[in-house]
Ligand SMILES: Cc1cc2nc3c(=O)[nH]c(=O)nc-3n(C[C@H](O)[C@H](O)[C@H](O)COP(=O)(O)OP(=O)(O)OC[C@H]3O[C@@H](n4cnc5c(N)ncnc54)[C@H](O)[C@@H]3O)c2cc1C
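First, one chain by itself: the form predicted on its own, in structure tokens.
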Amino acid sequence: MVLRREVVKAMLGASCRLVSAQGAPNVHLASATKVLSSEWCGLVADQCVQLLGGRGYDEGTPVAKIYRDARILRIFEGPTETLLSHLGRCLLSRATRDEIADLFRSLGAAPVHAAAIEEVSALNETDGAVLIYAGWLTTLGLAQAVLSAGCFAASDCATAAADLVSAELATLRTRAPAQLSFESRIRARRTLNAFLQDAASSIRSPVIADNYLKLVQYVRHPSHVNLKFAT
């Protein structure tokens, strides 16, 4: 928990230094910082609840409130998946790849950027899973770059925090998306369509039957058009 906090503090400090130097935030580093801070906040809050057992779940303790409030951070100010897709697209797109390269270079971590590019170069850039994976590579790569930039005093904690990020990157690479064949993509699309059809049919439950009937009534009576749209 402490090491994750140190990584986020380091990334926030790097973002602030770039604001001071350039007069504006670097949107890529800010996005990566938001992803890690919100995701790890939820993880640490969950670990705190688990550590305290029943007391952690009790609403009378502050940890329960922290656990509940931390969940919204992964959605507000940009959902994690949106930010990761954005970072992944920026890493791969010809229009923005130089911006990402310059950011890594400014942190003294050009080899980290080169390794990330090489890793995803053979994958389908239009695949959402690839974009999110590339976004995670960018996020953790920037964290690794910040921790190795020499802007912080050397300490056992800083070294351990850098080791944590390296371990997170190693774990991420075990989940790298595979290059799917055309046939595999067709099967995946059929599976998804079948799931969506099953989900749509299962929604017709007594819980929403009354609301469904009201909507049908509004559609059948033109005089209720405004009320239908308001509903």
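Nothing here was measured: the structure is a model prediction, and the numbers come from that model. Residue indices: 1-based, along the sequence shown.
Same protein, other form: the form predicted in complex with this ligand, not shown, and the subject of what follows.
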* Should T82 be classed as touching this ligand in the predicted complex when contacts are defined as heavy atoms within 4.5 Å? -> yes
* To do: Spell out, yes or no, whether the shortest heavy atom distance between I75 and this ligand in the predicted complex is within 4.5 Å.
  => yes
* Structure fact -> Within 4.5 Å of this ligand in the predicted complex, heavy atom basis, the matching stretch of 134-142, 67-75, 90-98, 118-126 is 67-75
